[in-house]
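Coming up is one lone chain in structure tokens, specifically the form predicted on its own.
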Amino acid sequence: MNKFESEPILIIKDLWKSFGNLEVLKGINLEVYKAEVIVVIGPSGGGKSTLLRCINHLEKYDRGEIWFQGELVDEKSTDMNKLRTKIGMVFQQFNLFPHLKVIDNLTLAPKVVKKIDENSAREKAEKLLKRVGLVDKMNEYPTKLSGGQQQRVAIARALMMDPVLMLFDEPTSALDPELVGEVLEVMKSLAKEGMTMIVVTHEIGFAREVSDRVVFMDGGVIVEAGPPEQIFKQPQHPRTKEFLRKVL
């Protein structure tokens, strides 16, 4: 079955968000389907990161609706902690706990939030660290790791909660160029395994190779969206053409 024939797992309807007088999101509409990889591109300040933070309810939006797995996400009636176990988030700056070893960074949330016992949590953490190529680092502290290694630990930590959807907010932009590849490889393997992903990134090569859809955002709106070959080879909107001329 074509992934777009199913019901979307995430529906965003007419989403607005301001910080003071600055309108950052202006009526965003987006549907995301199971196993789809959406890459969001665009200039800085265009609202990309704010959109991700609204999806995960790290940021309160002013108006609009977010539907996740068929249910309206509502501040009053939705258990936000439960929601965030289903929506994993990987940040630009890793956000690991520096005082905890790698293994403890992974096991903390499952033990506290999901009440998983120590042995099961460790077993799962070791499997995920093996998957991202870092099982040999499980007893290290994050400060002993390179940026690329820290980001791979952050991805493994998000996967510990068995998320339905993964959000990546410029996951490689804080890394030295030679470390970018190792993080993108982990993300590519997740995409191949059918993880639903929304990725905000400047990595155009990744967008071309991995995405099902590319969304170009600027000035708080979705200017244009479509399959990567269409967006990169035949963009329709003048603003998209101008942006791509500068980055390709």
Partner chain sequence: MIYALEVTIKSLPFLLEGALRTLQITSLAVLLGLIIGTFVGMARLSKHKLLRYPATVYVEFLRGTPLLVQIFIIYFGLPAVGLNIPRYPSGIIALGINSGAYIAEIVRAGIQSIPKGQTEAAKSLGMTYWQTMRYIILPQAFRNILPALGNEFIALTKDSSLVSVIAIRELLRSGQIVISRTYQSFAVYIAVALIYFVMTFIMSRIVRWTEKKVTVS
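Residue numbers count along the first chain shown, from 1. All of these numbers come straight from a predicted model, not from anything done at the bench.
A second form of this protein, the form predicted together with its partner chain, is not displayed here; the remarks below concern that form.
Novice: Using a 4.5 Å cut on heavy atoms, which of Leu175, Ala121, Leu128, Leu96 is close to its partner chain in the predicted complex?
Specialist: Result of the distance check: Leu96.
Novice: Looking at Leu134, Ile116, Met166, Met161 here, can you tell me which has any non-hydrogen atom within 4.5 angstroms of its partner chain in the predicted complex?
Specialist: Only one listed residue qualifies here, and that residue is Met161.
Novice: Sort through 188 to 196, 219 to 227, 56 to 64, 31 to 39 and report the only stretch with a non-hydrogen atom within 4.5 Å of its partner chain in the predicted complex.
Specialist: Residues of 56 to 64 come within 4.5 Å of the partner.
Novice: Using the partner position in the predicted complex, report whether Asn139 sits within 4.5 Å of its partner chain, counting heavy atoms only.
Specialist: No - in the predicted complex, heavy atoms of Asn139 and its partner chain never come within 4.5 Å of each other.
Novice: Evaluate Ile87 for contact with its partner chain in the predicted complex, applying a 4.5 angstroms cut-off between non-hydrogen atoms, and reply yes or no.
Specialist: Flag for Ile87 set to yes.
Novice: If we define contact as a non-hydrogen atom of the residue within 4.5 angstroms of the partner, is Ile103 a contact of its partner chain in the predicted complex?
Specialist: Residue-level check for Ile103: no, no contact with its partner chain.
Novice: If you check in the predicted complex, is Leu145 within 4.5 Å of its partner chain, heavy atoms only?
Specialist: Answer no; every heavy atom of Leu145 is more than 4.5 Å from its partner chain in the predicted complex.
Novice: Looking at its partner chain in the predicted complex, which residues in 106 to 141 have at least one heavy atom within 4.5 Å of it?
Specialist: The stretch touches the partner through Leu108, Ala109, Val112, Val113, Lys115.
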